[in-house]
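Quick heads-up: it's one chain on its own, the form predicted alone, in structure tokens.
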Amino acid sequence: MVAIAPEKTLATISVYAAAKLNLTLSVLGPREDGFHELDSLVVGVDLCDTLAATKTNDGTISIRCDDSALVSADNLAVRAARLLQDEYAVPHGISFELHKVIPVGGGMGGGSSDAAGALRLCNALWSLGLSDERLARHGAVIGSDVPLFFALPSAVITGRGENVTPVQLSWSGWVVLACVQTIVPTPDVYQAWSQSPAPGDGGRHQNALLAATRASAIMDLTTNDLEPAVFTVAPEVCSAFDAVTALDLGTFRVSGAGATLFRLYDEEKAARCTARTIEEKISSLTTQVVAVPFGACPIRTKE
């Protein structure tokens, strides 16, 4: 539950919205509702959008963003705010300001994390007093990935993604993110998977992965049933994967249905060495080195 400060201190508040990685992703088959049955172990990483919010008195919901393509009524943060406004007949509005860091279409859940942040900010600014569990249920209406962002730093997700069980990794360390500059449409990836479905193992390696204490052991257990479909939909991601593999830096994995490649490391120095090598050898890729796992950030008053 978010602690509500006196209203005069809540003119503008903000939250960091963390990215996620799928360490395992099993697609178990299509569902009658048009989605797919999933089983995935997800961790948060310290790569965050910043979402600030100001309560308004005119009932309007608006957003500004340093990526103009995200300024629309379809932005998930806007949709999340509108859902709460309609559900609880809130007379106030809200103005968002989004600083985007998580790659769009990168398979790291940036839009869903922003939506979760928006739910938390609206809950505080509009004094709704809703629990994280209740907010997560509302979030599931906005997008399948939204509920998991109330359960970080790590969780197992099932169903279409709305069923979330917090878990704890035995390991913590660093991750190299190698980002391909493209947007991979998630529906296209699932459509490609459906052309040659190979149902996954339902998280058979998750217990071993949770118990692992070395990054190399975790990487040996990572899986992503959508990886071949991503390569089909976005050949540039396949080319990047092949180029990184040719550098003999160890196994990299695609996160979710997106355009981000990742590898885990125990030591920050080794991770940064790999990131430098990738950027020196493959000019089309940008890299980030961030801590993992990473949990939800507290709401803060914007200075």
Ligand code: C5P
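Bear in mind the structure is a predicted one, so any value in this text is a computation, not a measurement. One rule holds for the numbers: they count along the sequence shown, beginning at 1.
One more form of this protein, predicted in complex with cytidine-5'-monophosphate (C5P), exists but is not displayed; see below.
- With the partner omitted here, the residue from P91, P166, G129, P187 that has a non-hydrogen atom within 4.5 angstroms of cytidine-5'-monophosphate (C5P) in the predicted complex is P187.
- Interface residue among G200, P153, P103, G143 relative to cytidine-5'-monophosphate (C5P) in the predicted complex, by the heavy atom within 4.5 Å criterion: G143.
- Only one listed stretch (246 to 254, 269 to 277, 35 to 43, 56 to 64) carries heavy atoms within 4.5 Å of cytidine-5'-monophosphate (C5P) in the predicted complex, and that stretch is 35 to 43.
- Within this chain, R160 lines the site of cytidine-5'-monophosphate (C5P) in the predicted complex, having a heavy atom no more than 4.5 Å away.
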